[in-house]
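Heads up, the chain below is alone and in the form predicted alone; it's given as structure tokens.
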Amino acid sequence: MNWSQIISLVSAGNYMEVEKILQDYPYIVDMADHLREQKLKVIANLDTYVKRTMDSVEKLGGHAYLAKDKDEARKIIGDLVGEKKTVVFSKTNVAYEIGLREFLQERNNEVWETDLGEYLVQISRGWPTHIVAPALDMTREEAAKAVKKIDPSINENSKIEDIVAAVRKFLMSKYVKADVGITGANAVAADSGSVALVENEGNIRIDTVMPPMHIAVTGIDKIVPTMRDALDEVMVQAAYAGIFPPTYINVTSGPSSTADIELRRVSPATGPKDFHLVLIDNGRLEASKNEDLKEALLCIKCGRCYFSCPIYRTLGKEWISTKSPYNGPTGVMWNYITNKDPWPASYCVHSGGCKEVCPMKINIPEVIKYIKFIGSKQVGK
């Protein structure tokens, strides 16, 4: 199956599945509308909400950091992890954004992706094709070829279930000795300092609970005012990604704790004894103050706009390639915010499909039009 066949199949499937979800759970649309209003409040006062979030994390017994760019984020996390450790990653696009996995590997750490798609990309030495389904362009035969490196019993005739089982067995051997679990965040609640994550595989649940240290790394755009907003965001993200109800929703509020003795809450308990939240700016604060660009910060990374875009359906991951983990229409916006790279915008034909399917009602074509204008001013310089 080639890329054209794969993307045609999954695009049609995603469209029909999301439409069915919205019919079966009509309150999702209201949640999305409310979420948009709440996220606009944060964008208008990002400095205030960053401070509120960091204060809330510290009150829970965790530690919060604000990194202005990639280098600062890598240094903070590198100092926390140290060297010669075993680190398990959940799927986190921000970690890709700052080159975190390679950075930690260069410091003599053993680092493993635990999301199945991301793991396949890692052992294939590839690059994510889609923000939610990173191995979207990989066939069963290609996945089998990659997994054969860790399990010789897997071959091109193996069933998908057998491939998944082989990866599960391998990753379980890494979980039991992991020193650090690193996750992203679908949302961070400013009022409680809680990190909300949505998943289906169960790897994030293990990454956040089994290692003695949990580090959550995410952009400041993931901050929402309240815990309710954080839960709204994971529900809306899952619905518009076409996987609803999600198998797991994880909420982490500081290090593990217990109140089983005299109802006095103490930390740590069975789970991690250390919790660190690393918030990254990397162009987001500047974007929040730009009237032409700030709507991009509303993106909840559901990846639905990818499927509506004729350019992504033609070019796939080659559109933005390894410049950024963000691809498709939203990737054009996010590659500019985080890398100041306007050129992927020049491929946009303004079909408008991305705007029609966006749950946050972001006027993506207008934002890309602005980025195109910025790019045009750089021609000849």
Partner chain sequence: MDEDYVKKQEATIRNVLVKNLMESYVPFPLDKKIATQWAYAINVPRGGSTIIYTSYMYQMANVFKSYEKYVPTFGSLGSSKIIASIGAKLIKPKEEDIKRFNAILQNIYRIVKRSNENIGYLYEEEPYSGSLLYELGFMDEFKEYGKKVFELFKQHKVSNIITIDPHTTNTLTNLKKYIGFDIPFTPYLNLIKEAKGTGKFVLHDSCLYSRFLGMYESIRTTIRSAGVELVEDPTVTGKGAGFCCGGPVGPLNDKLSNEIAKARAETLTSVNKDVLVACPLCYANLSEFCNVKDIAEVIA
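Residue numbers count along the first chain shown, from 1. Given the structure is predicted, the values throughout are model-derived calculations rather than measurements.
As for the form predicted in complex with its partner chain, it is not shown, yet the points below apply to it.
Partner contacts here mean any heavy atom within 4.5 Å of its partner chain in the predicted complex, and among 23-31, 336-344, 38-46, 54-62 they occur only in 336-344. With the partner omitted from this view, the residue of Gln122, Ser192, Ser308, Asn250 that lies near its partner chain in the predicted complex is Ser308 [heavy atom within 4.5 Å].
Highlighted residues Val10, Arg101 and Ile300: none comes within 4.5 Å of its partner chain in the predicted complex, counting any heavy atom.
Of the heavy atoms in Asp69, none are within 4.5 Å of its partner chain in the predicted complex. Using a 4.5 angstroms threshold between heavy atoms, Val50 stays clear of its partner chain in the predicted complex. Its partner chain in the predicted complex is not approached by Lys361, whose heavy atoms all lie more than 4.5 angstroms from it.
Though the partner is left out of this view, Val18 does not reach within 4.5 Å of its partner chain in the predicted complex, counting heavy atoms only. Residues Asp341, Trp343, Pro344, Ser346, Tyr347, Val349, His350, Ser351, Gly352, Gly353, Lys355, Glu356, Val357 of 334-360 are found to place at least one heavy atom within 4.5 Å of its partner chain in the predicted complex.
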